[in-house]
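Consider the single chain below, provided in structure tokens and representing the form predicted alone.
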Amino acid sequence: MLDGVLYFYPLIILASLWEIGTAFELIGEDVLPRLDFVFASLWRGLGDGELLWHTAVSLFRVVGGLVIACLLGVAFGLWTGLSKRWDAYLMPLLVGSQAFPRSALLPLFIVWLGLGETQKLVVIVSVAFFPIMINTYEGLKRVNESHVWAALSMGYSNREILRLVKIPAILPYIISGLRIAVPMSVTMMVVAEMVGAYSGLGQLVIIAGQTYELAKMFAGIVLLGLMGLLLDRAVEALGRWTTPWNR
């Protein structure tokens, strides 16, 4: 019980300062709405289904993008990590591509892919792919060679060594890359929805800001924070389940 309270104490302190500052008019409501107004807007939006719909749409986009990025990132990480030739060919290209800010490329993605779901998924994958790929690659480089030699001495084939030795060894690295990718994906999803979307929390936040519905805007921001936190907890739980030896 106490551990649970201590885990959330920074949020409790922030919420207390927020409510005190707005309740005593130390901060104007045109700058920051009262926290109880935000929660009232949140409750109302969840009750009528509007916030639930936008949250579900955004969550679908983030999870879909993360799944695709994970599959591609692990595949390319294994590909470059296991082949010196492709390491030399692909790694400079992949690293160099990270110099381009994805937010600046959004208009290009819209021109190429339109405003549909494909564009949102591509934007999310473009930011989530690299941390997963590079962690997979680095994990392969750090596999204990004595384990590989022991497997070879027992007659394991290269495919069996990859499946039974190397992939289990790099799973913690993949999980770490996925945890890095989660907040990046949520951030980029919001940007993509703000620039060109008809639904999602990013679209709700930008429309509420433009119509000066600050309580509704902050309700959307609160849900985005909760989404990022819950996704991170889910990835952490996935790591505990897939790598019980790494606790």
Partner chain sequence: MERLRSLGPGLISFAVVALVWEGITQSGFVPRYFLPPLSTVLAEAWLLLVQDSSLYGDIGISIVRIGAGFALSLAFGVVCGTAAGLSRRAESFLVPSISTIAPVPKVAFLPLFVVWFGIGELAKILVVFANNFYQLFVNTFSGIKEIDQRYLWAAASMGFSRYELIRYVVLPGSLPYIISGARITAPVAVVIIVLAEMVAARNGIGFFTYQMARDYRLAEMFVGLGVLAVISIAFDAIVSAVGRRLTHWEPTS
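Since this is a predicted model, take the numbers as computed values, not measurements. Basically, rigid core = biggest C-alpha set you can superpose within 1.5 Å across the two forms. Numbering follows the first chain given and starts at 1.
Absent from the display: the form predicted in complex with its partner chain. The rest refers to it.
Proximity to its partner chain in the predicted complex holds for all of 100, 111 and 206, with the criterion being a heavy atom within 4.5 Å. Contact annotation: its partner chain lies within 4.5 Å of heavy atoms from the stretch 191 to 199 in the predicted complex, the single such stretch among 37 to 45, 50 to 58, 191 to 199, 63 to 71. By the criterion of a heavy atom within 4.5 Å, residue 9 is counted among the residues contacting its partner chain in the predicted complex. Contact check for residue 116: no non-hydrogen atom falls within 4.5 Å of its partner chain in the predicted complex. In the predicted complex, its partner chain lies within 4.5 Å of some heavy atom of residue 14.
Of the heavy atoms in residue 235, none are within 4.5 Å of its partner chain in the predicted complex. The partner is not shown here, but in the predicted complex the stretch 204 to 218 reaches within 4.5 angstroms of its partner chain through a heavy atom at 205, 206, 209, 212, 214, 217, 218. Relative to the superposed core, residue 15 shifts its CA atom by 2 Å or more between the shown form and the other one. In this overlay on the rigid core, residue 49 has a C-alpha that sits less than 2 Å away from its partner position between the shown form and the other one. Positional change of residue 102 between the shown form and the other one reaches 2 Å or more at the C-alpha, relative to the superposed core.
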